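So this first bit is one chain, no partners, the form predicted alone, shown in C-alpha cells.
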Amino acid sequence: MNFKEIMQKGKGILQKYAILFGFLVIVIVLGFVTETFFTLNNLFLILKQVSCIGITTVAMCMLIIMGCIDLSVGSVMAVSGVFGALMVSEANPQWMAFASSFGIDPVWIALLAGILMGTAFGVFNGLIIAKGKIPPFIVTLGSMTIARGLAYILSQGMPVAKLLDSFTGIGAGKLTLSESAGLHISNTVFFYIGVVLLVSFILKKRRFGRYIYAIGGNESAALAAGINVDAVKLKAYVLAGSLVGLAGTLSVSRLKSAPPAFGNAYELDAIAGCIIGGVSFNGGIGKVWSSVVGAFILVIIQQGMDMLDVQTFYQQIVKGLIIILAVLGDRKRII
C-alpha cells in the first residue's frame, strides 16, 4: 500500500468517524478547562439533561431520514405536558376526579393523556402532509402555533402547578447507586434508553423502517416500487408525535410544573442534534445512534458554556453557528 492509498484510507476513516472524533475533542477540552467535568456526578447530570430532549431528537431523526421535518415539537411538548399535568394538579380537582372515574391511578391517566395529545398532533400533521400534499415545513409551522396557543388556553396562561407527588416522581425520581457519594440516575434516562432501542429496532429490522429510508432517499423511486408513501408518512408522524408527547409529559413531571411557554425553540435543539450527529438533512441517511451522539454533543457544549459562565445570549449565537456549520458539513459530504 503506497502513501496515496494510505492517505485516502485515512481520509475515509476520518470522514466516517468525524462525529466521534469531534465529540472526543470537545470532551477532552472541557475536561481541561473545567474542574468538575470529569466526575461521575457531572456524567449523571448530563444523562439527566439529555434524556427528554434526546427523546424528541430521536423522533426528529426518524422524520429527517424520511426527508421531512417537524417544527412543532417544542410547542407539542408544551401542550402535552400541560394536558397531562392538568390531570394531576391539586388546583384542578375536577380533572383528577375525571381520571379517577376510570378506576385507574390518575398518574397513569396523566401520562397517557400527554402521549395522546402528542399523538393527536402527529395524526394532524401526518394527514395534512400526506393527503394535502403540503410541505412539512409549512404544516408543522402552523401546528406549532396551534399547539402553543392551545397550551395557553388549557393552562389559562399560568403554569400548572401543585402536581401529585406520585406524578412528579416519574420524572424527578431517580435510581440511587451510591447514597454516600450522591450518585443517582434519573428515571427519564431509562425512558430515553427504551425509546432509542425501540426506534432503532424499527428502523433497522422492520419493513416500515426500510420504507422510511427509501422515501428519504428517493420518494419517486419509492412510489414506483409500490410503497404506500402516504401511509408511511402518516405512521411516522404519529409515532414521532407520540414520542414528543411522552417527552413533554416527562419534562413537566421532572420540573414539577407545566408552564405553557415550556419547550420554546426545542425544535431547533432536536434538529441540531440530528444534523450534528450526521443525519443528512437531504434524507435517506442517518441512524438513531447518530442522533444520540448529536444530542450529547449539544448538551455537553451547552453545559460547558454554563461552567465557563458564558451568558445565555452568547450561547444562542454559538448554537445557531453550530446548526449552520453542521448543515454545511452535511452538504459537503453529500456533494
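Residue numbers here begin at 1 and follow the sequence given. Fair warning: this is a prediction, and the values are worked out from it, not measured in the lab.
FYI, the form predicted together with a further copy of the same chain isn't displayed, but the following is about it.
Among the residues 185, 146, 116, 198, the one placing a heavy atom within 4.5 Å of a further copy of the same chain in the predicted bound form is 146.
This chain is drawn without a further copy of the same chain; in the predicted bound form, the residue among 175, 153, 97, 104 with a heavy atom within 4.5 Å of it is 153. In the predicted bound form, at least one heavy atom of residue 275 sits within 4.5 Å of a heavy atom of a further copy of the same chain.
Among heavy atoms of residue 124, some come within 4.5 Å of a further copy of the same chain in the predicted bound form.
None of the heavy atoms of residue 190 is located within 4.5 Å of a further copy of the same chain in the predicted bound form. In the predicted bound form, at least one heavy atom of residue 314 sits within 4.5 Å of a further copy of the same chain. With a further copy of the same chain omitted here, the record of contacts in the predicted bound form names 129-137 of 129-137, 78-86, 236-244, 107-115, defined by a heavy atom within 4.5 Å. With contact defined as any non-hydrogen atom lying within 4.5 angstroms of a further copy of the same chain in the predicted bound form, 69 is the only contacting residue in 39-74.
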